[in-house]
Structure formats: C-alpha cells, structure tokens
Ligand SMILES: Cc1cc2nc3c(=O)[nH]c(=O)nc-3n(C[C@H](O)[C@H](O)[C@H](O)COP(=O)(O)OP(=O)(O)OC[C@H]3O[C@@H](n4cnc5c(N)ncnc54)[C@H](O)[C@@H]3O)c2cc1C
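What follows is a single chain, given as structure tokens, in the form predicted on its own.
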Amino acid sequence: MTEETADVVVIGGGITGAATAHALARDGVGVVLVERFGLAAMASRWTLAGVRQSGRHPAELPLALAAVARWAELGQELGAPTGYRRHGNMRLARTPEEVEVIRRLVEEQARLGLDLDFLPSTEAVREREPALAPTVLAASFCASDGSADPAPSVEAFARAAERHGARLHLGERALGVEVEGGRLQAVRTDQRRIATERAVIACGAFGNELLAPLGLAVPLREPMVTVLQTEPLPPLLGPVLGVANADMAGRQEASGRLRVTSGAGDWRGVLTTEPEPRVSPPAGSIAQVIEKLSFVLPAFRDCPVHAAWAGLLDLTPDGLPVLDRVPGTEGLFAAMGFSGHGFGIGPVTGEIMAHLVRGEPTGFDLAPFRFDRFNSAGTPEAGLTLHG
C-alpha cells in the first residue's frame, strides 16, 4: 500500500469538500482530497442548485448572506464558470393556510435583515411571473437569490485547489481514520495510507461509516428526492420556485431546461454505486412531481422530459448541518448533514472548515452546528426547508 503525507486530508468531493480543499490550498496548506467516486458524484450533482437566503433557518441565514456575496465573483476567483445567475427566488402559497405561512416567513426574515417582498395576491404573483397558474394565491420574492450549475461549480473549486497544489485522489474510497492517544494519525483508503494530523469528513451520509469505529454518529435520515429535467425550452420561468411546505421546487437552467424536484419522500430502494452512484426513482414519485409542478406551472405538463433521477438527503433532526470538531479525536473535523440545502452555502462552509482546521476564528456563530447538540434534551425536530 502506498504511503503518503499531507497537512490536511479532505474526505469528500462534493461542494463542501472541494471548497474546503480550495480554501486550504489557496493559503498554502498541503491538502489531499479523497473522493470515493468522482467530483460532485452525489448530493452536489443531484441538487436543484439554488443559491438562496430566503427560507433559511435563522442560524443558517448569516452563512447564506455571506455566500451570496461571494457567488457573484466566484467564477472569476476560481478561473472557471459556475453558471451562477442572480434571478430571484419565489416561494409559493397554494392554500389560505400557506398564505399565512409565507406572510410570517417574510415578516420574520425581514426582521433578520433579508430584503424580500410579500406578493399578497394571485394578480401580484402573475404580474411578476405570468407563467404561474391562478392556483397560486400569494408568494414571497427575494430578488438577490439565484442558482448555479452544480457539477461545474464543484469542478471549478477542485481544479482551482489543484492549481494551488492540492492533490486529488478520485475513485478512491476512504476506509477509516487512525487514532492514537486521542489524536488523528492517518487516513486509510483502499489504495494508500495518508499520514496526517488533520482531516475533514465531508462525504455526506457516508461520513457515519468513518465515525462508527470511534463510537460516534451524526443522526441522519436519508429520504429520497426525485428530480426531472426537460429538454431545452424557450424562456418560461425567471426565479427559482419553492412552496410553503417544501414538497416541490424548480428552476429553468441557463440551458433552457427545467430542473424540478419533489419533496423528501420515503426511500426503500438500493443505492447503485457502479459505475457511479445512482438512485432510481419509482414511477409514482415521478408522477407526483409532474402533478405538483403542473399545478403551479401549467406549461410543465406538456414539456418533453430529458432525464429523471433521484438523490438522497443527509437530513439531521433539526435540519442544520454539523460544522465542528469531532469529539474525542484531536485533528478530526466534520462537515455533514446539510439536509438538502448545502450547495448554496458551500463557498462559505468551505472557508469555515478551513478556519476550524487552522484553529482560527470563523467569524460566524457555530453553536447551532455543534456535533454534540443531538445529545442535548430538547433538540428540535425540523421539517425539510426548500432544498437546493
């Protein structure tokens, strides 16, 4: 087995891992990124890829605000396109009860400093987005939200990290960490042993496989989200769409394709890992996506479908990620449990993890993202917010 050394090993090639590797390598840290499959192979490829502040948990909103400020210049910084567009986010109300949910959302987030509007009627909604149906009774609109292209964004971070000296080991599975006297000694993969005193676990639900030998786990459910993508269409939809109860979302990509998703559903299938990770959605889930999207965007029913797939969420009990040191092991850190909405804040969570690894202040209150918060009585259960 090959022997190697690194200042830091980052485990996971999604946006969190790639952004963490970039932030460290940019500042002269010797980084190895280990990814079991390929870049953006799982959640960062399956995602709707929204870049939003609206609808965020108050603890996560400061990260989202900072991330949106970075996305506009990110392509230039990384030297590659990310597909970022600031074209707004609308969260729709379809029932009188949902109208009140949206009204409260706007009031609460405005108090937290987010600039967003309440569109109080069908007429106000359709004046902004004529393609939406009369079944939409009201909506919120955040003009500074937007979206990006998921796989190119992750690729841009990883290749920029590589130019700064990071080594990328793709198609290589992390098998475990070596710990001695409560200190990290190495990361073992199926191809090599990497001696290191610091490592970041950023591989989603697979992270618990690495934590289990340490007697630890982040409590995660893994619901399924179904995704449909149409053939390219003429301009139909401006902003990213969500709904009050998060049971569907959608946007029109720069290519003209509509990319739409279900809410979190039960998953009883199998994750196929060869030649790449894949979850096949049941026909009933595809039918539900079509029905829910067509209810608010009638033109969707006649759109030619290009592809359908599904993804798994790493959903924590409170819907917030873990961004913390791993208890009991000096030098080991975790960034996982993003609950379907980690893509948009990826540029900032990468910086946060880089600061944590270096023992520096992060500039954010990370108390809500502690590893050990799930051991405390009263940890709230949270439903899924708008993923992406």
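Start at 1 and count along the sequence shown; that's the residue number. Since the model is a prediction, treat every value here as computed from it, not as a measurement.
If you look for the form predicted in complex with this ligand, you will not find it shown, but the lines that follow are about it.
Taken together, Thr196, Gly331 and Val357 are entirely out of contact with this ligand in the predicted complex: none brings a heavy atom within 4.5 Å. Taking Met90, Ile102, Ala166, Leu312 one by one, only a single residue has any non-hydrogen atom within 4.5 Å of this ligand in the predicted complex, and it is Leu312. Of the residues Val322, Val32, Ala41, Ile352, just one reaches this ligand in the predicted complex with a heavy atom at 4.5 Å or closer; this is Ala41.
With this ligand omitted here, the record of contacts in the predicted complex names 49 to 57 of 49 to 57, 23 to 31, 62 to 70, 359 to 367, defined by a heavy atom within 4.5 Å. Using a 4.5 Å cutoff between non-hydrogen atoms, Asp247 does not count as a contact of this ligand in the predicted complex. The shortest heavy atom separation between Pro347 and this ligand in the predicted complex exceeds 4.5 Å.
In the predicted complex, none of the heavy atoms of Ala139 sits within 4.5 Å of a heavy atom of this ligand. Shown alone here, Ile15 lies within 4.5 Å of this ligand in the predicted complex, counting heavy atoms only. Taking this ligand as it sits in the predicted complex, the stretch 191 to 219 comes within 4.5 angstroms of it through a non-hydrogen atom at Ala202, Cys203, Gly204, Phe206, Leu210.
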